[in-house]
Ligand SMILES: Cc1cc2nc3c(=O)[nH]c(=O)nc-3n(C[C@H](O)[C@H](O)[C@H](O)COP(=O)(O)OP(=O)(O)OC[C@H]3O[C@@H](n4cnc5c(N)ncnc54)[C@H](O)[C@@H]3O)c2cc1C
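Here's a solo chain for you in structure tokens, the form predicted on its own.
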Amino acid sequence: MTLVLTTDPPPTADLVVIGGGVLGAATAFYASRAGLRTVVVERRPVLCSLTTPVAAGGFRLQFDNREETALVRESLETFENFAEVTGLRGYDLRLQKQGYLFVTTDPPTARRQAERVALQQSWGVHDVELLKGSEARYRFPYLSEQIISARYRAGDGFVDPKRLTYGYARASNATFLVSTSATGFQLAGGRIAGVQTSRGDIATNAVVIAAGPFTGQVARLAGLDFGLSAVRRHRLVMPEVPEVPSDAPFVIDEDNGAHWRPAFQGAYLVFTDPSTPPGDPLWSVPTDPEFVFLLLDPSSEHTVARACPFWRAVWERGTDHWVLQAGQYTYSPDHRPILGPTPIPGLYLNAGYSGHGVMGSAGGSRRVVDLLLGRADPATNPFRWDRPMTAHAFDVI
């Protein structure tokens, strides 16, 4: 299957998807597989060039709610069988099941870990484990002596977000209209009749907005506001760090939010700061060098050296190279995705994953297409736009 990018919009389509990141590509895959002539509109000249490539690529079943657990479980099954599901023989997502390890030195957090593990097991995640500090250190000797509790699932892990996006896209046989902006919508009788773009109009009865941090802005072109916000997030890439075990899990310090996972011959390091204010969606997201020191300096309250002391030696050596990148998470008011129909018939959303877009891409996009085709009941959709939404605490990752 060959991916073809074009700047020549077709006059009609069964479905127009706005956004060429992982969610747009996944939506195109499931829509095309259902027989819909699908066009993906992407402002940039290539796919997967804004937020998706800055993702850490993690997937996990350790959630605080049953609904997202089911969503990611479906995605994980797709990742495990990606070549077969997509028909891309031998396609490699660089899937690594090395686990997610959440650690704490705090007794109240340890109690919450035990409660979380019990809930997850009741939802069918039977292989998630609650570990005492000593057992965690036995399995992962690089952990701090101060760790008193950990929760761990060996079946969690990570994939390559760019390979995932391009795999969906190649397998979709959709038309990818690049270097093209969506500028408005055409309505007839109160429902979607077409999409206006910078290169001409496309007549269609169905549109899915999967534009990442720009989803709210695109929705407002139709007069809709779903309370989505864009928040800057950094990824620190250290391509060569000898101390990083190549078989390590994704290690998350639940006390300070710092986390890292093996990548290349080093690591990706991330910190989700709940105090970061939302801002406007950006095509060029600036980086803040202070983020590096926040994670690496052992004197910082958010240092990765707190849970894993070998990072102190990395800081003191000072010779390891790093690259700092930034993207934006798209948050809904309750930090869970908004999937499915909007108040305007024919207009759908696939957005608001709050940093979980890669891991939720298959399960979420398949649900959106099923709702679009009438295969699922919008009233029983737990991710519908009009569900009760209350402020929700930030998940650490």
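These figures come from a predicted structure and were not determined experimentally. A residue's number is simply how far along the shown sequence it sits, counting from 1.
FYI, the form predicted in complex with the named molecule isn't displayed, but the following is about it.
At the 4.5 Å threshold, heavy atoms of residue 246 stay clear of the named molecule in the predicted bound form, well away from it.
Under a 4.5 angstroms non-hydrogen atom cutoff, the named molecule in the predicted bound form has residue 328 among its neighbouring residues.
Contact between residue 23 and the named molecule in the predicted bound form is found at the 4.5 Å heavy atom cutoff. Residue 214 belongs to the set of residues with a heavy atom inside 4.5 Å of the named molecule in the predicted bound form. Think of it this way: in the predicted bound form, the named molecule has a heavy atom of just one of 116, 235, 312, 163 within 4.5 Å, and the residue is 235. Shown without its partner, this chain lists 358, 349, 369, 39 as candidates; in the predicted bound form, only 358 has a non-hydrogen atom within 4.5 angstroms of the named molecule. Look at 80-88, 177-185, 137-145, 295-303: in the predicted bound form, residues with non-hydrogen atoms within 4.5 angstroms of the named molecule sit in 177-185. If you take 40-73 and check each residue for a heavy atom within 4.5 Å of the named molecule in the predicted bound form, you get 41, 42, 43, 44, 50, 51, 52, 54, 55, 56, 57, 58, in sequence order.
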